[in-house]
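First, one chain by itself in structure tokens, the form predicted alone.
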């Protein structure tokens, strides 16, 4: 899966501009009949007569959007999703048309004054007129970061959530015949409010929902106080800000992990949310859970995951897809 993971993480697709990544995933699943709904979600089905299970992995990534171009050709911008200002100076961005730029910061009296309004993008233009030939107000850009293979661990931008998209593509490719009706949703605009999953869950009307996403870790120096760490297996979510995981789904995942000797860990996240937050509130309610891929440095340009955790999440997703559910 590493080759696919690299291809997906390096693709350009900030929230609201998911066409590029959608086309790549669609090509990977060319043997399936796919459809794209009105909001841009890519939906792939493997029909069966059993329970309808909706697996969801969001395609979008964090980024920036141009809000103003000054007379010297420098760009001001807003954040798309949860971007932190403090680690942006010196970062590079790419626009959909291939235009490149570097983020810098105005002269500050102290680093504590750093905020979004202090930042600007330099695309090498010498005037507003020159800049407007390349970039318009309202254009989105994604961050640039190479894929680095460290052996068991890999680093790139957009591991959130292309690592989960990799799992879901592989799940559909490898899944044997099951009685259950499997619907894979590659959703849009998760980073700006779980929007794609909201509409997709309503139209799919699943019996069960399962988001696949990354989660933070507590295994770095003076990091978060939480149990999740790289290399310890698939993280089975208990709660985050968007969902209290359905008890039956949580216990079923634990049962399947233990039965199939799949390494796992329990995840209690004190912030954030996933597509499951939207799925479980759809229509009259959908019992839902989350399979999480532990990820260091979430929402940075150097998100790190452990490839063994990725494999464990895939194995557990397969087990749930084929499970006899009540």
Partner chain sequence: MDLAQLLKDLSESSGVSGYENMPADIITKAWSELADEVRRDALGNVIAAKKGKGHGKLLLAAHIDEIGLMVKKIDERGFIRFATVGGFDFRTLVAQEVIVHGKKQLKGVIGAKPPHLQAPNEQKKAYPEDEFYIDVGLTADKVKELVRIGDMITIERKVQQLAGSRYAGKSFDDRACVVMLTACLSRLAEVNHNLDVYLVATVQEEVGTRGAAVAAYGVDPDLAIAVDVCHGEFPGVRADRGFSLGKGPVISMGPDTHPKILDKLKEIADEAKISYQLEASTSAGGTDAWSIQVARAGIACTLVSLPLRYMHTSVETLDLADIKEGGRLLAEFALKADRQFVEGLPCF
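Residue numbers count along the first chain shown, from 1. This is a predicted model, so every value here is computed, not measured.
This next part talks about the form predicted in complex with its partner chain, which is not shown.
Options 88 to 96, 172 to 180, 232 to 240, 209 to 217; stretch whose heavy atom lies within 4.5 Å of its partner chain in the predicted complex: Careful reading of the contacts points to 232 to 240.
Check all three, 100, 124 and 129, heavy atom within 4.5 Å of its partner chain in the predicted complex: Not a single residue of the candidate spot has a heavy atom within 4.5 Å of its partner chain in the predicted complex.
Among the candidates 144, 148, 105, 226, the residue which, in the predicted complex, approaches its partner chain to within 4.5 Å (heavy atoms): It is 226.
Listed residue that, although its partner chain is not shown, lies within 4.5 Å of it in the predicted complex (heavy atoms), from 49, 261, 284, 31: Of 49, 261, 284, 31, the residue with a heavy atom within 4.5 Å of its partner chain in the predicted complex is 284.
Non-hydrogen atom contact residue 72 with its partner chain in the predicted complex at 4.5 angstroms: No, residue 72 stays farther than 4.5 Å from its partner chain in the predicted complex.
Contact label in the predicted complex: residue 268 to its partner chain, heavy atom within 4.5 Å: The answer is yes: residue 268 has a heavy atom within 4.5 Å of its partner chain.
Heavy atom of residue 135 within 4.5 Å of its partner chain in the predicted complex: Judged by the heavy-atom cut-off of 4.5 Å, residue 135 is well away from its partner chain in the predicted complex.
Exercise: residue 245 in contact with its partner chain in the predicted complex, heavy atom 4.5 Å: Output for residue 245 is yes: heavy atoms within 4.5 Å of its partner chain.
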